[in-house]
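Read the single chain below, which is given as structure tokens and is the form predicted alone.
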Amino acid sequence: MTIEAHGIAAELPHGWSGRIFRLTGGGATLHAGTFAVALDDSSFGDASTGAIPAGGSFLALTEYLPGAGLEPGVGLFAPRRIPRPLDPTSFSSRKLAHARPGQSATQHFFTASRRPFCLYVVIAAAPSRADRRPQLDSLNRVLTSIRIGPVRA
């Protein structure tokens, strides 16, 4: 299934859910997960990450608005692409926005099409270590499908 809005598009595998939205006064946000993501959620998916089942995955791609010292392509936002494939060693429970047992996260800041973003990925512990590879493979497929265009007036 393809989802598209606000200059962002992504292809979601069978069994995934997702949405692209814009909170009042904010940039565009993509939420996608291997479970039903919350329809009323914060930019980084507080409600959705609270509902991840064992072996589940969630990603938030959140746009920041330039200004007040934030400049696309500079500083924290200097990288020019989404990290693909995800580095399994980059996940840590210390990177979670809200610590939850059995979850770990990674985040990456970058600029695409002159738009600054943060990619935040959360995975819930898989039943076995062997189950983690399909989890990351599925996330990498989604990340590879993401297209970011310029903001349309």
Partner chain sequence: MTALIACETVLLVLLVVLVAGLLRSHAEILRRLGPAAAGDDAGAAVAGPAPGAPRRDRGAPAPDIAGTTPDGGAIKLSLGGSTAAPMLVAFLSSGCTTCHRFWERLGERELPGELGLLVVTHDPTRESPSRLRALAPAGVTVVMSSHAYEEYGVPGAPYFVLVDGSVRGEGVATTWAALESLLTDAIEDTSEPAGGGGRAERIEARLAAAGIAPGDPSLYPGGSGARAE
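Since the structure is predicted, the reported quantities are computational estimates derived from the model, not experimental observations. Positions refer to the first chain, counted from 1.
This next part talks about the form predicted together with its partner chain, which is not shown.
Student: Looking at its partner chain in the predicted complex, is some heavy atom of each of G15, A36 and L39 within 4.5 Å of it?
Tutor: The answer is yes; G15, A36 and L39 each reach its partner chain.
Student: Determine which one of 92-100, 28-36, 116-124, 58-66 lies within 4.5 Å of its partner chain in the predicted complex, judging by heavy atom distances; exactly one does.
Tutor: Contact-bearing stretch, as computed: 28-36.
Student: With a cut-off of 4.5 Å between heavy atoms, is G50 one of the residues that contacts its partner chain in the predicted complex?
Tutor: Judged by the heavy-atom cut-off of 4.5 Å, G50 is well away from its partner chain in the predicted complex.
Student: Is I20 close to its partner chain in the predicted complex, meaning a heavy atom pair under 4.5 Å apart or at it?
Tutor: Output for I20 is yes: heavy atoms within 4.5 Å of its partner chain.
Student: At the 4.5 Å heavy atom threshold, is I146 in contact with its partner chain in the predicted complex?
Tutor: Output for I146 is no: heavy atoms all beyond 4.5 Å of its partner chain.
Student: Does M1 reach its partner chain in the predicted complex, with heavy atoms at most 4.5 Å apart?
Tutor: Looking in the predicted complex, residue contacts with its partner chain include M1, since a heavy atom lies within 4.5 Å.
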